[in-house]
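Here we start with a single chain on its own, the form predicted on its own, put down as structure tokens.
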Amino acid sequence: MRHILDAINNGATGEQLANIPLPDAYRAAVIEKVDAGMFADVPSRDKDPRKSLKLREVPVPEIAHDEALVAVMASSINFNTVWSSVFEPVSTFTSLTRFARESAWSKRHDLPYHVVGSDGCGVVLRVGSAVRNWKPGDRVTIHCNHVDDQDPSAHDDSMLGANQRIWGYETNFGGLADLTVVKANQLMPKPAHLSWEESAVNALCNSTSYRMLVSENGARMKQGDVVLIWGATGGIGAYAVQYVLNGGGIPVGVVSSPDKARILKDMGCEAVIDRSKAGYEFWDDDDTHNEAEWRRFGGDIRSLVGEDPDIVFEHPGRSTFGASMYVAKKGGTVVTCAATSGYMMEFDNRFFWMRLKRLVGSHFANYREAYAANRLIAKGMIDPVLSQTFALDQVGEAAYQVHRNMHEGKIGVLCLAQNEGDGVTDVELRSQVGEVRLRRFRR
């Protein structure tokens, strides 16, 4: 791996990289099947990724004809890595075992360890014989939609594919490692004005936000729409704010501290609700919804922008879902992609059916959507929301901070890259975008 890293840093050609022998093993952040029951009697909040995530040397897998082997310069932490590390809602080893039944190639994924990570940025080292658009030496970012293009169900919208999976979560050989194996249709060009770690944090969250708000498969946001965004300085929320502002909408950002509120103001989001100050109690002590608090929340939104939200960008889940369904405008849309506070959600159906609202489920993005979202990053129209960067041997601590909501934006992880800031090749565009924008979330 040292020879590979030196070659990349010295600007080696694709041919030169292709001629460097691959190592027998590489460093990877893994969870192990023997640990799957370690948190069985522990409350969800108290489960500790630092105990389950381990740095191991693992064998380099063979690549299939439609795959690429990528030297991972940097990756990032997503909530699905946290879920993998605490083995909830189910152990991801169940998904790997199921995947292994599909083909001879998929059997590679059923191992006693799971290399996790659903983001990555790096350099292509090898490609399979059926790969057409990518070659060794290409600098790439990786999106996490792992789909079988031989399945007809995947050809209208690949996210509807019968065996669609998330790379590094429902497949093995993920991005929190020095090497990764991905399908060629997961690759996208690396934004040239960004460093390795800045490029690595975008694909999953940025693409998710794009599909939820911009795509025909999501809420179909239009100019002038009021969009309520929960966790507006978090991983997907901070991209959502940018899409609303870029698209002529009116964002209403909900955050949990004055510091996060200041970040939103700096981004140009004028309507901000600090829920730590507002003290909303959407649930009563007897575990029933508090409709009076929904009304108070709706009143606070109207006091800021003069009307109810056309779109609610939902992802906290159980703690907020009832309020989201209530405050959406008559005929409005609630679009949801996650449930980080719990996935058994409740709402009052009267305010849903009688006010003709829409509920849209959204899950990551198809290749076209991910590519379009990456293009906006590459053009400097959407900025990365990197807040801090950890080394690969600190991945447990990085995941712990995400699990405990101790972060803003995204947490990056250096894999092969050794220094923050490396990897920039378009200095002129970086200067035009400006360090103030690119470092807005940095601690």
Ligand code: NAP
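Computed from a predicted structure; not experimentally measured. Residue numbers run from 1 along the displayed sequence.
Quick note: we don't show the form predicted together with the ligand, though the next part is all about it.
With respect to the ligand in the predicted complex, the three residues Leu204, Trp230 and Thr340 uniformly fall within 4.5 angstroms at the level of their nearest heavy atom. With the partner removed from view, the residue among Ser158, Gln242, Thr320, Asn185 that has a non-hydrogen atom within 4.5 Å of the ligand in the predicted complex turns out to be Thr320. The single contact residue among Phe93, Phe173, Trp294, Phe364, judged by any heavy atom lying within 4.5 Å of the ligand in the predicted complex, is Phe364.
Not displayed here, the ligand is approached by Arg275 to within 4.5 Å at the level of heavy atoms in the predicted complex. In the predicted complex, none of the heavy atoms of Ser44 sits within 4.5 Å of a heavy atom of the ligand. For Val123, no non-hydrogen atom is located within 4.5 Å of the ligand in the predicted complex, even though that partner is not displayed. Shown alone here, Lys54 lies farther than 4.5 Å from the ligand in the predicted complex, counting heavy atoms only. Remark: of stretches 104-112, 128-136, 300-308, 340-348, the one touching the ligand in the predicted complex is 340-348 (heavy atom within 4.5 Å).
Contacts between stretch 296-316 and the ligand, counted in the predicted complex as any heavy atom lying within 4.5 Å, involve His315, Pro316, listed in sequence order.
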